[in-house]
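Before any questions on binding or motion, here is one chain by itself as structure tokens, the form predicted alone.
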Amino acid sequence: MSHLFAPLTVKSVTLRNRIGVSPMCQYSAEDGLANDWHLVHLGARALGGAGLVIVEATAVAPEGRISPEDLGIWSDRQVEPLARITRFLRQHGAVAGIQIAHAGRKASARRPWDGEGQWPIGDRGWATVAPTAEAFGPGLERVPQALDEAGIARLQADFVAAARRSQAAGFQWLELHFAHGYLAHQFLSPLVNRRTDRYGGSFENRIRFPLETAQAVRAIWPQEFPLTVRLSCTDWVEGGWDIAQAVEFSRRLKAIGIDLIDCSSGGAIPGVKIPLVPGYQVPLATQIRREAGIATAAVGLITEPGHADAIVREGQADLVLIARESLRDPHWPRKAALALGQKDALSGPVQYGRAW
């Protein structure tokens, strides 16, 4: 059997294959509540054969949303609409994952199809927070309030509460969003974090907020379920967060019980040139897997079945996450099975049997 279609067991959870659907914002919620769009969108990827389906960045607090239309998990009201989705995903063979997040200074933004910029405060927008009172840049020009230590503690409590609600909603795979220039990454990157207290400056201080947050979540998240981190492994800028720091941080995360690093990159500052070629982030996953001794997921312009299979077969990563290609084709895993001569690797849904 192709390695792409070998099961993957992490803690007590077994994925039917090494294909996951990456968390992708849909900007389609109202008051943070999941709706029919999310059920159909995510459910289609389970029907398509993915082993893992991760719900988009889901805000731990209202002001942590990227846009007013983001999903949220700051209220008990938001649990049952998500539970409806987890039940469907499980029924059709996929493990249900969720990514919990806070956007920091990149919050209060317009949806991509609503134009650039942030909504005015009071007109669908809100004040933002960050490690440092410095705006992201063009398009996201609101100067955030610098968090004090009491504010940091409140946000960490929000992550813990969100993890509890994620469990109540039936998720068995939890991902902490520490990437793409959102709040945790803002603490990690020396290009953004200009604090002079114990949460800024040195590497030890810059990793303190996300490391403490991960440790607090690990303490309450069931030990039998995977807890993972999406990490920007480099800012792609000299003097920024880089792969060497990401490796050492991953070692620290492993030591406190994190099970897998979902390896992405970039997002801390605007205007960065990133080498966008197929699999451009795979070497980051490979290096962290090798040097930090922790399982990794690879993501980023992976579209061809043979490429995805090679990533797993050659030990470059343990899991392949498909993002935009999954939007273009929710049945990508089934087509990959056919392309790799593994037609029998995926069964059902029976309603679609005549098509395969």
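Quick caveat, the model's predicted, so the values are computed rather than measured. All residue numbers are counted from 1 along the displayed sequence.
What comes next is about the form predicted in complex with a small molecule, which does not appear here.
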Heavy atom contact within 4.5 Å of the small molecule in the predicted bound form, the stretch among 287-295, 31-39, 45-53, 317-325: 317-325
Distance check, Leu301 to the small molecule in the predicted bound form, heavy atom within 4.5 Å: yes
With a 4.5 Å heavy atom cut-off, would you call Val13 a contact of the small molecule in the predicted bound form? no
Whether Leu340 contacts the small molecule in the predicted bound form should be assessed with a 4.5 Å heavy atom distance threshold; does it? no
I'd like to know if Cys25 sits close to the small molecule in the predicted bound form, meaning any non-hydrogen atom pair within 4.5 angstroms. yes
May I ask you to choose, among Thr234, Thr86, Gln99, Ser250, the residue with a heavy atom within 4.5 Å of the small molecule in the predicted bound form? Gln99
Residue within 4.5 Å of the small molecule in the predicted bound form by heavy atom, from Arg110, His180, Arg164, His92, is His180
